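Let's start with one chain on its own, the form predicted alone, as structure tokens.
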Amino acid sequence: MQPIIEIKSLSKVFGSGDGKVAALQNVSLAVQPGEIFGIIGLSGAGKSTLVRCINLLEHPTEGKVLFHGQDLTGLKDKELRLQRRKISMIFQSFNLLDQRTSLDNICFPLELAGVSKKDARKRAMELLEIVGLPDKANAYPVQLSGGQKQRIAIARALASDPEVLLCDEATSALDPTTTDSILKLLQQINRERGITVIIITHQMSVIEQICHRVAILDMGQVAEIGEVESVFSNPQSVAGRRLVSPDMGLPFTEADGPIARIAFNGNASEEPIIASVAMDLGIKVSIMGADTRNIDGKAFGTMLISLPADPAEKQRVMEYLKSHPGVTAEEVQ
């Protein structure tokens, strides 16, 4: 299947000379039609720059952005504007027009596209129903809560009937309950309308709740990409480990003796593996840290344990751990 969005060797540099800053460096990734794709990273990782490059609000310094195989970076302004209608965006700050009602905010992109006022208002009312706010048609942004503003912003983004919805930290300004409702709305839109959703966030909980795949950005580069379950249960990069389990991202250098990191998923996370080591091998190990989370109804986790100093006993423990389905283990110190 051809990706709906494909980024190839993309770099973005701001400034010049001694003040030059490389926000993105050689980024490549592909998003499949109909998936919810997450892009996560710490502040300064380049997430917002990347999402603005996807719809060419920022022009890449190097590389390509393909939409259905067509390179957007090579289009003229008029052609680019036509393609942008198929790639809508919602923002952390909502970006609603204060002097317009909810209905008129949703009508705005339709007006720009030349849709008649009657047809635009009819379409806007349909979208208000979809986002659950038909009673707020005549309310101004100042009269809406944060969650309601974001729902209106989502309705506005859907007005042009897009194929891709870009969400740049769309829930960062919302409380947990409101965030949950917005994410469920995005899932509903993805499921019922087949719209591809790309979510830019620094919140692990957002990725866990609705994304199918995730790319981890670090210092303007892709650290790793994969299925959410795979990446979160056994991150392969230092950046991934730092995000998934902040307290276990790096080895505990102050500890004595060797240390192993165990990643377990599904039913394996519910088994008393450490207790089994002591019972089956007669070797005691200590848990130095652990972190578990629920992804799509399954439990996943990471654990740091101290290993025996004796090489033979250490090898027995590692072999025992690796023999369990759904468990990976590596010595990290």
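One-based numbering along the sequence shown. Keep in mind that this is a model prediction, so the values were computed, not measured.
FYI, the form predicted together with a small molecule isn't displayed, but the following is about it.
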Discussion item. Let me test this: is every residue among 14, 21 and 48 within 4.5 Å of the small molecule in the model of the complex, going by heavy atom positions?
Written reply: yes
Worksheet item: Considering 104, 169, 163, 229, which brings a non-hydrogen atom within 4.5 Å of the small molecule in the model of the complex?
Response: 169
Fill in: The single option of 290, 66, 42, 283 touching the small molecule in the model of the complex, heavy atom within 4.5 Å
42
Fill in: Partner-proximal stretch of 48-56, 304-312, 274-282, 26-34 relative to the small molecule in the model of the complex, 4.5 angstroms, heavy atom
48-56
